[in-house]
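As a starting point, one isolated chain is supplied in structure tokens, in the form predicted alone.
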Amino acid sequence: MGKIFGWGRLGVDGRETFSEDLAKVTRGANLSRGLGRSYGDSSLPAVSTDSVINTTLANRVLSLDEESLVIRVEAGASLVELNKLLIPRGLFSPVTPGTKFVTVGGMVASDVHGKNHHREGCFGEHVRAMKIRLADDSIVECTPTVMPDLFYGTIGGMGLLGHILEVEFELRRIPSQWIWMESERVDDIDSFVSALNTAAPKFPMTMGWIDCLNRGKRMGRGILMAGRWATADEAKSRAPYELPHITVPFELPNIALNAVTAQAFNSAYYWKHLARTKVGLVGPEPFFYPLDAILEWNKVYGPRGFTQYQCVIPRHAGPPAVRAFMELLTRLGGASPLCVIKDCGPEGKGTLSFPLEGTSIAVDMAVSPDIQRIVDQLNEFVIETGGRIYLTKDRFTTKEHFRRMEPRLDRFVSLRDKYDPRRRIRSAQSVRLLGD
């Protein structure tokens, strides 16, 4: 018993059970969770008496075929440990999110996407099979052809159709342990959208940091980063050094992150990239997971906590919609120095998978008395463009807004009616958005 937290530092009372035997402890349980990196309330219990299973002790690699490039793991296996196993063997996950501190079960439930979404889609596109405990306590194996409705409903389904016990997925062979990266300083949001479109055909991995506090002609200025795995001839002969981690030692006061300090950080980060363009080799850690070098960085937001608002603006809405979103965001205020823009490819097969073809913008925001108003207004804009928000990051979207932005919701609800009619498997988020 105690407090259970999401990454946004939202804590609720609950009881969390840790065990190596997921097949045993998930019997009768209400929710499974991994390393707690979802920002909002998707991995938090609906009520304090709900049984929450933490999967992180069930972290074994069950099989690895280096010829067929197929791996099967328990749901609690983390990306940080898998990378240590796979990268020296010349293998890598087909998709990785922006943190390595995630479990494979969480990657499925969120259907995570990465810098290569325009090429590889979401993680769920590469999953071959799952073992799941259903709400009636039966254990089933599902694939794209065996119980396909459960399979695709679980991908991006936020763990609401069953407890994920095991996952089998495809790997990618990599030519070296290094990334060839090109980075470019970009002047404004219009130039940034154009630069992303130019980089997408050339590079399998693209993303950018943008200044979401600056208004006027420099609105959306930032740093575009594009990369690919370096060839054996390009790579250094040694493996990348393991970077040291630092830990935020204590919770900062709320006042530490304010408009002045955030703007100062943005200016310093932008002009740190003095050259217009840079090219060179970097290791996977700083390229894929720059924030992971600072452990417990969420303490920077203080006791008030924070949320991340991540949406995708559809391609058909055009670059003017991206500019209009940034104008709204900067006008509303509340944003922090952490704002990421990415190019997304076509919509995946997961019933509630987040990305669709267009531009994704993710911004961290400290929780304040105005946060609900800000999220509501951003959601109204996104709904008008035909876009949607990422449930893994969400904490403040209303039930009404979610229904308006999600045309696939009825299909997902029908799956829950089939596999969990009594709604035994639930979360604080499912209560907020689905009325559990």
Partner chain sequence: MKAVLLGATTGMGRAIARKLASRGEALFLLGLDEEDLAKSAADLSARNPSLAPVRFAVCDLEKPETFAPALDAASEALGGFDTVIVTAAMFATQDALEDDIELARRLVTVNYANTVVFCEHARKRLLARGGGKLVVFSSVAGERGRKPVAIYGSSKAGISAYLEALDHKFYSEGLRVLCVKPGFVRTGMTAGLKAPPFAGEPEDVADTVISAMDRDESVVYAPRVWSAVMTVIRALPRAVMRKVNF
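Positions refer to the first chain, counted from 1. This structure is a prediction, so every number in the text was calculated from the model and none was measured.
What comes next is about the form predicted in complex with its partner chain, which does not appear here.
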| item | value |
| --- | --- |
| One residue of Asn59, Ser368, Gln377, Thr398 in contact with its partner chain, assessed in the predicted complex (non-hydrogen atom, 4.5 angstroms) | Asn59 |
| Residue among Arg89, Lys272, Lys202, Arg276 with a heavy atom within 4.5 Å of its partner chain in the predicted complex | Arg89 |
| Heavy atom distance at most 4.5 Å to its partner chain in the predicted complex, all of Asp187, Glu327 and Leu329 | no |
| Partner proximity in the predicted complex: Glu166 to its partner chain, non-hydrogen atom cutoff 4.5 Å | yes |
| Leu85: touches its partner chain in the predicted complex, heavy atom cutoff 4.5 angstroms | yes |
| Glu81, heavy atom within 4.5 angstroms of its partner chain in the predicted complex | yes |
| Partner contact for Leu64 in the predicted complex: its partner chain, 4.5 angstroms, heavy atom | yes |
| In the predicted complex, segment of 379-387, 34-42, 398-406, 51-59 with a heavy atom within 4.5 Å of its partner chain | 51-59 |
